[in-house]
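Only one chain is shown below, in structure tokens, and it's the form predicted alone.
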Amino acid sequence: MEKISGGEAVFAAACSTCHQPNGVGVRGAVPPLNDPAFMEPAVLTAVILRGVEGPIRVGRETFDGAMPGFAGQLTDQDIANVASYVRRTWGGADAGVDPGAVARARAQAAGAGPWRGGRDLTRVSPALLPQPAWSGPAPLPVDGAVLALINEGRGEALACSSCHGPQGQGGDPIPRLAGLPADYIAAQLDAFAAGRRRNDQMSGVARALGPTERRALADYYSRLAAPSTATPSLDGDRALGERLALRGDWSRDIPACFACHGPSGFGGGPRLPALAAQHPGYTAAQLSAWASGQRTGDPGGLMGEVAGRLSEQDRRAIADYLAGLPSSPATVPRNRR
């Protein structure tokens, strides 16, 4: 029973936000967890380690979304636990998954990106056939003027890509923008332009853009999917960071980060950004800014209150933990069939 209990906790923290607590998934986007072919230990392990991008066929339905890999977030024992829990809860299997087999699969997957749809996964198990082919992400329709702002800039509006990278992936301490909610990005640009949020460079950029341009840039970055380039770098206690992110510390009136920002740190709505895969220097700096009152404007003043209760050790721990999480899935459908 220890493995099932451990697996249930991992599932609640890392999987239930997409697959739902009852494992039924989301029609068209996230598959249910009851297909026997996908319940095989090798397949489950492969998917959890590397994730899947592109269409997969589960039962009689095709799902086209993106699942992040959890190799950087979960240990071999974590993956064995959650795979065993899924198999026993929805797959009707008696046998669990061996952590040693997970370790061997991890070594084989080192350096590999996500599986390219169900057809790619058939290399793990031909029993998954038939599967649709992956044809790559559909190009994002972007106005030429928006691309010019991103890649060339205009006057005080420096090229966005010069700091935030060609895919919005950022680089410590410059934040990752890819996949953040459009409403959130637009609100931050508006705040910089109005002086409600302070940063000399970003304030100049935002003031040089009109409201329509700021919204167009926000829409563009919200639709990007880019691999994470964040790495823990602050010598933070990642176990402490995980506890604070998942459970908080109610002895100090600190709620869990994921209570607002969503399970797995993938975001909690249009005004609550994803925290997963954000660069740790940026995250720690923002927590300090909230704590000192330099940054304001959060609903009900909650971020300021919570950040003020965090120690410097807490902030570094949370920032390093979040940096090691997989990036949130793409926010727009791709390759719908």
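Note that residue numbering begins at 1 and tracks the sequence as displayed. Keep in mind the model is a prediction, meaning the values are calculated, not measured. The term rigid core refers to the maximal set of C-alpha atoms that superpose within 1.5 Å between the two forms.
Although not depicted, the form predicted in complex with a small molecule is the subject of the following passage.
Listed stretches are 230-238, 105-113, 69-77, 91-99; the contact stretch with the small molecule in the predicted complex is 69-77, by a heavy atom cutoff of 4.5 Å. Only one of the listed residues (Leu129, Ala159, Ala194, Ala133) places a non-hydrogen atom within 4.5 angstroms of the small molecule in the predicted complex, and that residue is Ala159. By the criterion of a heavy atom within 4.5 Å, Ile318 is counted among the residues contacting the small molecule in the predicted complex. In the predicted complex, at least one heavy atom of His164 sits within 4.5 Å of a heavy atom of the small molecule. Interface membership of Met303, defined by any non-hydrogen atom within 4.5 Å of the small molecule in the predicted complex, is confirmed. Though the partner is left out of this view, Gly267 does not reach within 4.5 Å of the small molecule in the predicted complex, counting heavy atoms only. Core-superposed comparison between this form and the one not shown: the Cα of Leu287 travels less than 2 Å. With the core superposed, Thr45 shows a C-alpha displacement of at least 2 Å between this form and the one not shown. Remark: with the core as the superposition reference, the CA shift of Glu312 between this form and the one not shown stays below 2 Å.
Compared with the form shown here, the Cα atoms of Phe11 and Gln313 move at least 3 Å closer together in the predicted complex.
With a change of no less than 3 Å, the CA-CA distance between Gly54 and Gln167 is larger in the predicted complex than in the form shown.
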